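Have a look below at one chain only, the form predicted on its own, in structure tokens format.
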Amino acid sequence: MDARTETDVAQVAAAIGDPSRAKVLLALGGGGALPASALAAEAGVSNSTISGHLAKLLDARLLTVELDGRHRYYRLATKDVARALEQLALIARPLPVRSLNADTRAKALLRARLCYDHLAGRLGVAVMSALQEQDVLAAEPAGTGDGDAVYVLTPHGRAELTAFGVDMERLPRRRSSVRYCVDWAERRHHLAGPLGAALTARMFALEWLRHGKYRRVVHLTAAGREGLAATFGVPADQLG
């Protein structure tokens, strides 16, 4: 058997499996880049200790590093890393909450967060559901027998999103451009891929969303609450 057909899952699992390194990866899950000092604070370790963790994550090809003068910034190597973390979260046990700050952060992440470059959490799931209700997206059976769905952008949906300000000409036209993630908290789908990223970017541009105090957390503004209800019919009780 050609060894090149196999992958070293154990190396990646070992790199992710350390609690401090897992915190580093999750801190970068919103798609941004951070210096080692900020990642040390996120992981709760010293600056000297974080260098070893970052070296292991780089070696496992989970991170990349960017140089800006004398400064080094780290980010997730690919969107696939973010998707893998989201999938692992589906089977992971919840972390125990031991402080008021941790409880506040956990609730904020459940409510609305970034999954790399697109909206997730209860708000992301609510938007995905509303897009189907408004015939922007249509779900079709995958035909694989595994219960998965295939989402396609309808002609009506293309017109609606263009009117909303999404540059549809910059998105891939193939079917796979309409991707989704299974949200680890809600166990339902949220919009991902190029379309999810473009829609989220548009909501930030309109100031419907703003970044929160915690990494990856986003907050829906008053304008966003009104806009999502009026534009996409997201029910008010799902915008809390």
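All residue numbers are counted from 1 along the displayed sequence. Each form is matched to the other, and the largest set of C-alpha atoms that superpose within 1.5 Å is called the rigid core. Computed from a predicted model, the values in this text were never measured in an experiment.
The form predicted in complex with the DNA is left out here; the points below concern that form.
- Heavy atoms of D18 reach within 4.5 Å of the DNA in the predicted complex, making it an interface residue.
- In the predicted complex, the DNA lies within 4.5 Å of some heavy atom of K56.
- The DNA is not drawn, but in the predicted complex it has a heavy atom within 4.5 Å of R70.
- Heavy atoms of V45 reach within 4.5 Å of the DNA in the predicted complex, making it an interface residue.
- Taking a 4.5 Å heavy atom cutoff to the DNA in the predicted complex, the contact residue among A185, L171, A36, A197 is A36.
- With the partner omitted here, the stretch from 188-196, 201-209, 45-53, 24-32 that lies within 4.5 Å of the DNA by heavy atoms in the predicted complex is 45-53.
- A movement of the C-alpha atom of R70 reaching 2 angstroms or beyond is seen between the shown form and the other one when the two forms are aligned on their rigid core.
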